[in-house]
Each structure stands twice: as structure tokens, then as C-alpha cells.
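Shown here is one chain on its own, the form predicted alone, set out as C-alpha cells.
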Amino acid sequence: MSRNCARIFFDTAERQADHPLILGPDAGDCVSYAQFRDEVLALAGALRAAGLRAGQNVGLLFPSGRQYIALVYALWACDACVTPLPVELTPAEKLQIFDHVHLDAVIAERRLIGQVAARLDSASTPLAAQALYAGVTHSCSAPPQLAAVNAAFIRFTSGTTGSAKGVVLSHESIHERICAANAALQLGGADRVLWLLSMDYHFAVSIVAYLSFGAAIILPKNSFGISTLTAARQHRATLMYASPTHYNLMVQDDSGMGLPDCLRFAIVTTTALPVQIGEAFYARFGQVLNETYGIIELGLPAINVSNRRDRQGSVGRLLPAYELRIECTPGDTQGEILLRSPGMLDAYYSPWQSREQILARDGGWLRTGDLGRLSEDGYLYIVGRSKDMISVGGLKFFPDEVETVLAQHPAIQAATVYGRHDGRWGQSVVAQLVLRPACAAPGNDELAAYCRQYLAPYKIPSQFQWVDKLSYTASGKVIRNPERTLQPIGS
């Protein structure tokens, strides 16, 4: 029998029926493994009654939370595949997914279903709470090779190569990933994980691991600092899983509330951790943030579980299941990261490329596009993306270095830097800046003089632009160059 993540969860629920699975959002809320299993099985029955068949692919347009998890597992229990339709996307972006990934049906929250109604049957079937099920009338054709993959997830994305639409993950690959990650995290029944991220983008290594290894998931009322800290203390969180923004909100909380003394790791993901947030979090809570290296094609190759302050800034040592190669030019200590491991993506969806075809391009390795270096004791540091590298007069550097300097200016709340085409120098440096509240914006000459204290002349921005906020992808990654032609939807 093929592996199925839902059946793995059912086995866990059988072993620890009364163990809590969902805690929160209110203080007394508690859903056991047995209760959640029954909820999943009831949803699976409703889906079959609505016409869902094994092997079909269903778009999921639903907010993160308890019911999102139940719907995914119910679809898996029916041997169906899930394609998230992230709530953060615009309606037009959601509809684009139908043009790139074949969908047989959609499950949507009642208030959101209108955003994709143009592609659905007029009739919809209520499932539970606010969930509606509807067939799809207009979608592209599925690649014939998909039928041979025991597909669990199709994540619509530009992919690491920048050319493919959709990363296909089988149940087998997801299981291999969570086992690889758990070599470092050591999740078990004693763990309670406080969750703050979008489930559309973070599910296959994290949520699946929690339900497979018997941990409980803490869902706070909202992402405000006081709510997060209250939930962590009330439910005795042993792990947190959040973005730099969420940790910054905790730092800004003025209640004086601390973290629970049982907290093992505060995992930070979605984007690189700004130095100032890591330092402020340590100053406020005495806890090092645990940075990770996550790639949709690969899972979590590295997790910094050292809790060493002198290793803040590193994504940690490579996990045992992974192999790493850094492709450097002669005399250089940093270069492009290539990886291989179990749990790699099964295929790119459209145009279809099997795992074997993808890996054949580089002798069995996956080229990530990330640039990194290794310390003498094996800690991996991500120094940038190859596509983000800026070249001024042939001198190359990464925007992160300039962004870090600018973000330390007392008047600057956030900064992003990118290269703009320049006929004379190749590129010129442009900085977009967000002003800190109640501060006056410094002039360009003042900013340039500030940068000269810390940066070589060729790294100093020639233009400083003040914006209300930085631009981000739906998954929370900053868009460094708003002038670059982007894929319709990015990872």
C-alpha cells in the first residue's frame, strides 16, 4: 500500500487518543487527537458524498487554523491531492492557478468562494462550518505523468529554476522530509508548538511533522506580541514557529511578560532574520532565535538548533539526511549551494519535469540559486541569492550587507536594496526605505555620509527612495527589486 500522511496521523491518534492536538485560541480550548481524527473522518465522508474521487486534485481556499488542517487531512484520507489557493493572493492571482494546475474541485470558505466563482459549478455543497465544496468547470489539463505520482501537494510557484510552475510533492517525499527534520528537532508527544505562519506556505514539513510525531499545536488568538506570549505561557510552548515580523512584535510588547521556561526552540523562517531583530529578541528574552534554511524543492536542509549566540546568523549545520556542495570560484570561500537528499520534489508540474530530469542537469544535485559559505566547524551561512547580487563597475556584492547598515540608522524602520541597470557602471544601487514613526526623514547627503562610515564607496546607494512600506510576496519574502519583471506568482 502507498504511504499516506493521513493514515500516519490515524496511527498516531490510535496510540494517544486523549493527547491534546489543538490548544487555543481561547485559554480553555483543547481538541484531542481522537476528537480531531473523528472530525477528519466526518469531513472525508462528506467529501465522498459530494463526489470527490481518489486521485483528484482539489484547490483549497481557506484561512489558516484548525479547520484548514482538518480539510487537508480529510482530502488525503480520500486519496486526493491538495493545491493551496493562498488567501493572501489577489482574486486575479488565484484564478491564474487554474491556468497552470489542473483542479477537479475547490474547497473554499463561504466568504471567499466568490473570488474563484468564475471557474466553478454554480452549485456548491456545504461541508462543515463555513466550508463549501464545488466542482471546477474551467481548468487546464493535468500532465499524464502525474497519475504515477502518489501526489499529496502541488505548490504553485516559480520554483528554484524560475521557469517551472508547480512543485509536486508525494506522500513519500513529505514523510522523508519530516523524518530528516526531526533528526534535529526531536519532536514528540511532550512538545507543544506555537504556530503563527500561513498554512498555505508552511505545512508539508511542519504541520505534518507535528501530527505524525504526536505534538500539540498552539493557535493564539492573533499575532500581536501580547497574544503570542500569553498563549505560549498558558499552554507551556516548547517550540515556536514564526517569521521575523512575529518575533519583532514580541520584542515590542511592553507587558514585561517573558517566555515559558520549557521553550526549547524559537524557529524563525520565511525570510532572512535581520540582525537587529535577533539581537533585540535576545536582549528582551535571553533566547537565541533558531534560523532555518527552507526550500520548497527540498524541505529543511539545515536548522540552527545550537542555541549559541555566537552562531546567530547561521542556519546551522546540515542535517544528516542531506549532502551539500558549495560551488566556488578559485580562491573564493563562498559560492552557489547545491544539495541532494531523500524527500526532494517529485516533479515540476508544468512543463512537467520529473525528479530524474531535474537532477540530471547537475549530476544528481539540485542547484538552489542561493549563495553560502561554511564555517570551519560546519555552520552554514546564507550570503544571498545569485539573482540578487549587485555588480557596480565589475565589483560584486550582496544587498543584505547594505540593508543591514541602513536598518541600523535610527530613522529607518526597514530597508531593501537592489541594482538598477546603468549604462556606465553596469548597475547603480537603489535603496527603498521605510521611515520609523515620529522620525524626520534624513536627506540623501546625510544618508550617503552615514553609509560611508560602514561601506565601500561602490556599495553606497546612489538613490534613496522613501516608501510607506516594502513590497512582499504572498509567502512573506521581501521583493527586493520592484522594477524586475516578476512571475505572476512567486514562492
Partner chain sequence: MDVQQDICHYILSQTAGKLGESVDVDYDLIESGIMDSLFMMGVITHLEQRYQMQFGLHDIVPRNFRTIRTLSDFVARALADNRVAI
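Numbering follows the first chain given and starts at 1. Just so it is clear, the model here is predicted, and its values are computed rather than measured. Here the rigid core means the biggest group of C-alpha atoms that line up within 1.5 Å when the two forms are laid on top of each other.
The following text describes the form predicted in complex with its partner chain, which does not appear among the structures shown.
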*asked:* Between Val392, Met344, Val288, Cys179, only one gets a heavy atom within 4.5 angstroms of its partner chain in the predicted complex; which residue is that?
replied: Val392
*Could you check which residue among Gln115, Thr125, Gln334, Thr368 gets a heavy atom within 4.5 Å of its partner chain in the predicted complex?*
Gln115
_Quick check on Trp425: any heavy atom within 4.5 Å of its partner chain in the predicted complex?_
yes
*Give a yes/no on whether Phe464 approaches its partner chain to within 4.5 Å in the predicted complex, heavy atoms considered.*
yes
*4.5 Å heavy atom contact, Tyr282 and its partner chain in the predicted complex*: no
_Arg48 within 4.5 Å of its partner chain in the predicted complex, heavy atoms_ = no
*asked:* Taking 4.5 angstroms as the heavy atom distance cut-off, pick the stretch from 245-253, 148-156, 128-136, 205-213 that is near its partner chain in the predicted complex.
replied: 245-253
*Which residues in 447-463 have a heavy atom within 4.5 Å of its partner chain in the predicted complex?*
Ala448, Arg452, Pro457, Tyr458, Ile460, Pro461, Ser462, Gln463
_Checking Ile337 here: with the core superposed, does its CA move 2 Å or more between this form and the one not shown?_
no
*asked:* Superposing on the rigid core, is the Cα displacement of Phe62 between this form and the one not shown 2 Å or more?
replied: no
*Establish whether a shift of 2 Å or more occurs at the C-alpha of Ala204 between this form and the one not shown, with the two forms superposed on the rigid core.*
no
*Given a change of 3 Å or more, say if the Cα atoms of Pro274 and Tyr458 sit closer or farther in the predicted complex than in this form.*
closer
*Given that the distance between the C-alpha atoms of His246 and Val430 changes by 3 Å or more in the predicted complex, do they end up closer or farther than here?*
closer
